[in-house]
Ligand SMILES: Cc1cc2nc3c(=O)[nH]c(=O)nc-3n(C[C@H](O)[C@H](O)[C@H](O)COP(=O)(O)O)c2cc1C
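To begin, one chain is listed below as structure tokens, in the form predicted on its own.
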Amino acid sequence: MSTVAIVYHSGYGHTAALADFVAEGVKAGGGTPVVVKLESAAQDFSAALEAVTKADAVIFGSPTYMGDVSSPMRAFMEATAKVWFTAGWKDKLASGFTVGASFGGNKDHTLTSMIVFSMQHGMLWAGPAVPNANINRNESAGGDQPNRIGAALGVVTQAENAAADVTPPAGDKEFARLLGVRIAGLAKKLKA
């Protein structure tokens, strides 16, 4: 069984809701999720670093703030320098998800920051591999369809200015769950 660390920061609960669905997907994919919530940029990141080091794969999650990862996620990334010096995460599978209030909002840049960070560590990045709901499904891509925004780099979702139990919509949550399933399955293959 593969272990997948889900390391995320959530400012208003929307990223946390997605992290729960990612964890459900990891379980459905036959893996064991280890969920690590980042609380602040000033915290001790030792437990998060250890969780990623021990895991077979990692899925990063961050809200998109001002077109990039949140400051707690950025601080976590910077805290990995000692791991980087020893190539401790080389060949570890990685992926990511993000959420923001607007439909666009440069969320691909947030994922690109996660990808570049992962590549700096020599990790292997995997996208969600869920077809764009608008083009490939020939049906309405309302809030009930996974990948309604059309992302390939990772899971991109949108949350209205409402409580996390209301938004992101069901399709976005399913998109996050499908990412967990995919990464658990790929981690199992790589582990074998």
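Start at 1 with the first residue shown and count on from there. For clarity, every value in this text was computed on a predicted model and none was experimentally measured.
Beyond the structure shown, there is the form predicted in complex with the ligand, which is absent from this document and is the topic of what follows.
K.L.:
Report whether all of Tyr12, Pro63 and Met66 sit within 4.5 Å of the ligand in the model of the complex, measuring from non-hydrogen atoms.
P.N.:
Verified in the model of the complex; spot residues all in contact, yes.
K.L.:
I need to confirm a contact call. Of Leu153, Leu38, Ala159, Val130, which residue comes within 4.5 Å of the ligand in the model of the complex, counting heavy atoms only?
P.N.:
Spelling it out, the residue with a heavy atom inside the cut-off is Ala159.
K.L.:
Considering non-hydrogen atoms and a 4.5 Å limit, does the ligand approach Gln120 in the model of the complex?
P.N.:
Because no heavy atom of Gln120 falls inside 4.5 Å of the ligand in the model of the complex, the answer is no.
K.L.:
Using a 4.5 angstroms cut-off on non-hydrogen atoms, would Ala101 count as touching the ligand in the model of the complex?
P.N.:
Residue-level check for Ala101: yes, a contact with the ligand.
K.L.:
Within a 4.5 Å heavy atom cut-off, is Gly105 in contact with the ligand in the model of the complex?
P.N.:
The answer is yes: Gly105 has a heavy atom within 4.5 Å of the ligand.
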